[in-house]
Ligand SMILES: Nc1ncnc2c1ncn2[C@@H]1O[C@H](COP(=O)(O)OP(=O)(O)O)[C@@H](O)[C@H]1O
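Shown next as C-alpha cells: one chain only, the form predicted alone.
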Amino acid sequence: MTALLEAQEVTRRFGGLTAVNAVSFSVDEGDAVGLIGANGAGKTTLFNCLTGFDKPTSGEVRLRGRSLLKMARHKVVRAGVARTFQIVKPFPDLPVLANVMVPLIVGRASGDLRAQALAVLDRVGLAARAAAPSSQLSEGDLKRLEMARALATRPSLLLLDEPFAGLSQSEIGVLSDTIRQLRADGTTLIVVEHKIGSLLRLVDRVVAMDQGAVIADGEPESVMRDPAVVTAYLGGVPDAQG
C-alpha cells in the first residue's frame, strides 16, 4: 500500500550549509506525526521542501506516489498539501469569513463559497466570529483562522508549523481540542512544535531531527527516551510540561 506522503533522501543545501540532510520518512493516511528538534534543526526548511516553498537540492517528495518536486507551490496545494505558518498573516481588514473565502476563490472552488467557508469555520470553532474583522481576533483565534484557511483548500495532508507559539496555556488547550477534532475527522497531520508536552498528547508518532538529519522516528515515549534525542536537547527536552 502506497503511503500518503513519502520523503526520500531529501537534502537542502544553502551554499556550504546543509539545512536538511538526506531525510527519509513516510506518512500514512490518518497519521498524526510530530516533528521535533532544537532551533536550527531543519524542521521549517523540511516543511518548505515538502510544500513547494523551497526545492530540495536532491531527493524526492511524493504524494500518493506522485512527485511534487516539479510543481509550483499553488499546484502542490491543489494536489492536496496545505500548511500553516509560525507567523499568522491574515487580511486584517477583512471579516473572518472573507479570509476563508479567499483560498476557496483562488482554488477555483465551485458552489456556495460562503456556505463552504462557514462549514470550515465551524470545524475549527470560529463560526460565531465569522462577521468579525480578523484584526479583532485573539492570538489563539488567529491560529485557528490560519488552520481554517489551510483547510479551505481541502488538503489530504495538513502541516502545522508551531501552532502553539505565543499562546497561553488556556489558548493551547482550546487549540489542542481543535486539532483533536481534525484528527477525529480523519485529517492527516504533521506538526512542528517546541511545546513537547502539548504535542505528545496529540500525535501517535514522533520524528526527531538534529543538524538537518533524522535521529529518531517512532512512538512518542520511545523517541523521547532515545539517547540521541536527549543529547540533541542538551540533556533535556524543552517545555516538556507544556
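As the structure is a prediction and not an experimental result, all values here were calculated from the model. Position 1 is the first residue in the sequence shown; the rest follow in order.
Not on display, but discussed next: the form predicted in complex with the named molecule.
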Looking at 173, 30, 197, 40 here, can you tell me which has any non-hydrogen atom within 4.5 angstroms of the named molecule in the model of the complex? 40
Check each of 86, 156, 168, 135 and return the one that places a heavy atom within 4.5 angstroms of the named molecule in the model of the complex. 86
Can you pick the stretch from 177-185, 197-205, 44-52, 64-72 whose heavy atoms fall within 4.5 Å of the named molecule in the model of the complex? 44-52
Taking heavy atoms and a 4.5 Å cut-off, does residue 224 contact the named molecule in the model of the complex? no
Please check if residue 19 has a heavy atom lying within 4.5 Å of any heavy atom of the named molecule in the model of the complex. yes
